[in-house]
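Heads up, the chain below is alone and in the form predicted on its own; it's given as structure tokens.
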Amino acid sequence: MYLLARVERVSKLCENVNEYLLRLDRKLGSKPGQFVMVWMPRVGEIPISVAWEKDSLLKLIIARKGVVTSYIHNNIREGCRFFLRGPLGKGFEITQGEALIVAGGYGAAPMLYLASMLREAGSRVTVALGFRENRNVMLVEEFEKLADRVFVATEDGSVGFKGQLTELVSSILSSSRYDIVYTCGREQMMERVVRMAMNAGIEVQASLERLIKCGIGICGSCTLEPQGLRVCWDGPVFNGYKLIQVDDFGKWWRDASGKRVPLPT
């Protein structure tokens, strides 16, 4: 069953990333880290993380990557319709205490919703954001309204810390004590963050991206080996203890044909 959503506002966040504010027929009832399947008739269906929800309003942040996302960027304006299935998958567990959010690129999208829920739960929130360069930076002001501290890293040094996000995270972890780390972004980055957190004895949760077709654990396109975990059903959020046992984590995924191939860099 699809929910009908109408576009109330389209905002450009940075190069090739737009935010869509949608009004639904009813409340979706999502949790941070969950996703929806977005269907564009005669074009295709894709998974998109929920970036924010309140009452009947929903935000989706969509990066231009493939056929469906390019269609949305080129054609969807205020007043247009979205068709949604969801919420789907398992989201982040909200805990109280000192929380560190680590997000790379458009992986910041679901973490905005997470930051707001952590704030409501009474947690102290530190956010570390990583981007390649200035033209990719997004959501910094939005995070600053929700978090106690926000750090930004760019690989070329055009904004904030110069270097890899993992270098910034290493410095943050060495200077403060955290109860939990949450991360989303490029998987090779998350693999390093998960190991840093676990080596420091800190609980960690990571949100994975895979090629998701059905969204309900049937087709197997998003399977993680060797356990056979399905990202759309058992995740997309997994704890670190489970992920370090997954051979595919940070290394492999499946293409459209189901073939196991190296993760894009």
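Computed from a prediction, not measured in an experiment: that's the story for all the values here. Numbering starts at 1 and follows the sequence shown.
There is also a form predicted together with a small molecule; it is not shown, and the following applies to it.
Remark: T69 counts among the residues lining the small molecule in the model of the complex, judged by a heavy atom distance of 4.5 Å or less.
Under a 4.5 angstroms non-hydrogen atom cutoff, the small molecule in the model of the complex has Y106 among its neighbouring residues. Residue contact with the small molecule in the model of the complex: K27 places no heavy atom within 4.5 Å of it. Taking the partner from the other structure, the small molecule in the model of the complex has a heavy atom within 4.5 Å of a heavy atom of R210.
Highlighted residues F35, I46 and P236: every one comes within 4.5 Å of the small molecule in the model of the complex, counting any heavy atom. In terms of contact with the small molecule in the model of the complex, the residue from L224, V204, L58, I61 that brings a heavy atom within 4.5 Å is I61.
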